[in-house]
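What follows is a single chain, given as structure tokens, in the form predicted alone.
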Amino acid sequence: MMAWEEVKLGKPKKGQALIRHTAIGLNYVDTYQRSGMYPMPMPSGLGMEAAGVVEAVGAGVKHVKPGDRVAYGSGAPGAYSEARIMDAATLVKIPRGISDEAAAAMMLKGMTVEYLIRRTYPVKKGQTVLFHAAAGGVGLIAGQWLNALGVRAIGTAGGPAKVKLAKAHGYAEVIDYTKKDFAKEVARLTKNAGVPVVYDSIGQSTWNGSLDCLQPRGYLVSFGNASGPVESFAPGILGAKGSLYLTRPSLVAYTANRKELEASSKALFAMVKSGKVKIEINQTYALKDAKQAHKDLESRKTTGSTILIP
């Protein structure tokens, strides 16, 4: 349940900053936290990603100051707010040439793409990979970034409109999973060779098919549960299907310290400023309409990035 609540904000303590939000990003992880799939202490705020202006900082905060435009995509939930006091270590400055709206729409999703394709499984030019939910916020950024790296990306999407959108954002081929068996299509497109890595944010409904798409010693990178969590499985299946690797990464773990956070955000900002990756905001809601935004996201009515405006 989501409900609007008025609270008084004090002054930021040591290591904290007071941020006035200008735009807030909507992500699937927000729905997991709201539903209890990812348990949190209650009551709790929601939202992992936003942009805004620093209004005050606590003792010891040197990397940002009042008046700075900043954004974040990891740390404690609470972005669904007009303003908040938060750990300043999660904040990065927004460079010139990038709007607050774009920053709010890209931090979590863009840094997720960065760690997935550069660190979880570092892709190489000329490889073919499979990326599920190609028309979603993460998927559209991934398609462009992979294309810029010279990687042949196969995507999956539901329906002709989403297939067309994904193809326009760097995917070499896009499989409409509502009409075709994506595992069989991947086999056809790779001449039965399979792919070295599958990036899967869907979860339960794609689990078996994703495993079937992999080459021997391939990597299944499971980073979401859009269709529900994967049920327990026998690890032996990974051996039976070719000594496969399974990893369950998270942005928090890949930006666990200031050095990693700055490197990830710097790489993302560079790709966006180069024009190789464009951040498209396809839906905008008022913050008070966050409930409807969640409904639309979960019913797969949205494409690309969505933001909430306080």
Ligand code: NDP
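Remember, predicted model here, so these are calculated numbers, not experimental data. When you see a residue number, it is the position in the sequence shown, counting from 1.
There is another form of the same protein, the form predicted together with this ligand; it is not shown, and what comes next is about it.
Taken together, 112, 157 and 201 are fully in contact with this ligand in the predicted complex: each brings a heavy atom within 4.5 Å. In the predicted complex, this ligand sits within 4.5 Å of a heavy atom belonging to residue 298. Interface residue remark: residue 177 is counted as part of the site for this ligand in the predicted complex, having a heavy atom within 4.5 Å. Taking non-hydrogen atoms only, residue 227 approaches this ligand to within 4.5 angstroms in the predicted complex. When this ligand is considered in the predicted complex, residue 245 lies well away from it, no heavy atom lying within 4.5 Å. Of the candidate stretches 80 to 88, 211 to 219, 133 to 141, 236 to 244, only 133 to 141 contains residues with a heavy atom within 4.5 Å of this ligand in the predicted complex. For the options 51, 48, 251, 268, the one in contact with this ligand in the predicted complex, meaning a heavy atom within 4.5 Å, is 251. Only one of 223, 121, 207, 182 comes within 4.5 Å of this ligand in the predicted complex through a heavy atom, and that residue is 223.
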